[in-house]
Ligand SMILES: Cc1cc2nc3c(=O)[nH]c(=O)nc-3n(C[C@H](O)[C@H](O)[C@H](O)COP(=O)(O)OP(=O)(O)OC[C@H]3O[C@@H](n4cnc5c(N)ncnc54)[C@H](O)[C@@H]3O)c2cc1C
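Single chain ahead, written as structure tokens, the form predicted on its own.
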């Protein structure tokens, strides 16, 4: 008995020794964060995250193989808590939702009849699918079958529709789609997604510099979902009120409806929903990602700066706008007259951007009150330069320094400052006024002079009406208001009296010769054809560019290395990323392109914000993949559109001429709700190659 007890004790001692040695030899360390992260998941072990249970998902997070938002059931609260445990950027905790980017692939014509297995992947294996559209939805619903949460259903138009309230962002639908058109993205990923060569984009969307999903918001208007339309526009353009009034809508030039009769009035519809929100008595919420702790200085409060600041704030960065003017808006506040864009409307819009948590430092001029180095010293991680194009181009002719001679931007901004009570220095208005130039600034000048009471107002332009770069509707409006349009005349000299005051303008009659480098026919003088125009006020509105005088204050500093082009625009290493030769400095808008469209500046601000976000994240600043960038998808521009009945475009309501020339009241009015729905119904709801036909798209 004793020997048995001793044997057992000995065996126990040997076992304990062996186990002790084994525990040291075969010891496996488990990071305690795994258990903590696992405790913050939903504990459902559903496998929807792609891992074999919550424990495996937690281990993947700790290993850096999965984001904090890995748990599709736990939601954003779970993701934020996990991010805190990991010490990670909580911005990565944004919820992911699915979205079908194709809204009409099934309407494209058949390439062949298919009689095989009714799945998207089976059809895709046969020459890419049975439809003519190379980018569209195949329509067999593989994504619907694979979704475990009932978040996708087949829509009435034959393509899947996602219920984002049910979607948990698991990515199963994205993984199963053979055409890569159903994507699971965070809000930040959606905001910074750009048109791609292989994307499902209508021609209007391809043309829009801001890349707004135009068919989507028009369809939302058609269905009475005005708030949805506002949110769709605002995902690409934060200045929808301003754009709805001043955008020359290049998108309409490529509208397929225009091939049949007249283009859809896209811009009027944008204005309708923008005004709907403003007049509703409340602002729609603008969601922003959690703060990243990164700080960005935006220099310039014009369209490019406001756009860049808006998108950076939405993805979680802290932004401060430094602006030379007392109020935000840049050229659209101080250069566009009140009758086109009322200041109270612009103020409502810019206040909404500031309300997102963006700081504003007014009356701060680069090169006078601060420089690039002082911003870096103050803790800013990146800088955006959106200084606009405030410098008028000179016309080097005799008499351009006479009393009564002004430049276009100087005249408009001086008047705007006086009108808004910023200055007590009004511009004296002549009796007979002549504006030299053919762009939008020239048109704004003449229409302003008419309203200021000038007896006779004329434009002198050296080419014909067809070559005028101003918006056609603005030229028409100026003509309706009594402006004399003198084409094929070029100024020779400005004539003054003995007191140095303007009394006349000598002009040379021109005729068009061969095209120049711009593609327009070059004006050449007609021999002996010279006239004298009587005038007591001349406005030189021949163009403008950026004011880069701040470079003087940057000499000997890092900012002095900033590259400037021969046109005195800020140079970019790559126009698709808008990063300058100083890695932490980015630019867009008129400062980068020269004077251009407001919507072009807005699109550039978003593009620059994407690059800044990459830079702040420590990622390479590279262009978007397959970036379409100011081109069109081959085969998407049609010369003929079949199966569509002509319908008249809704006319924009406006003040009559006799009324509008007596004040600065807004000329163009908003269309009615009934007319908005009628105009939305004219939209063919295009995708890349398909569109709605009047024959109900029988397939």
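Residue numbers count along the first chain shown, from 1. Note that this is a predicted model, so its numbers are computed, not measured.
Omitted here: the form predicted together with the named molecule. The next part is about that form.
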{"item": "Heavy atom within 4.5 Å of the named molecule in the model of the complex - the one residue of 168, 315, 409, 133 that qualifies", "value": "409"}
{"item": "Contact residue in the model of the complex, from 495, 597, 562, 97 (heavy atom within 4.5 Å of the named molecule)", "value": "597"}
{"item": "Candidate stretches 414-422, 116-124, 360-368, 485-493, one within 4.5 Å of the named molecule in the model of the complex by heavy atom", "value": "360-368"}
{"item": "Residue 277 within 4.5 Å of the named molecule in the model of the complex, heavy atoms", "value": "no"}
{"item": "Interface membership of residue 467, the named molecule in the model of the complex, 4.5 Å heavy atom rule", "value": "no"}
{"item": "Close approach of residue 142 to the named molecule in the model of the complex, 4.5 Å, heavy atom", "value": "no"}
{"item": "Residue 613, heavy atom within 4.5 angstroms of the named molecule in the model of the complex", "value": "no"}
{"item": "Neighbours of the named molecule in the model of the complex among 310-348 [non-hydrogen atom within 4.5 angstroms]", "value": "322, 323, 324, 325, 329, 330, 331, 332, 335, 336, 340"}
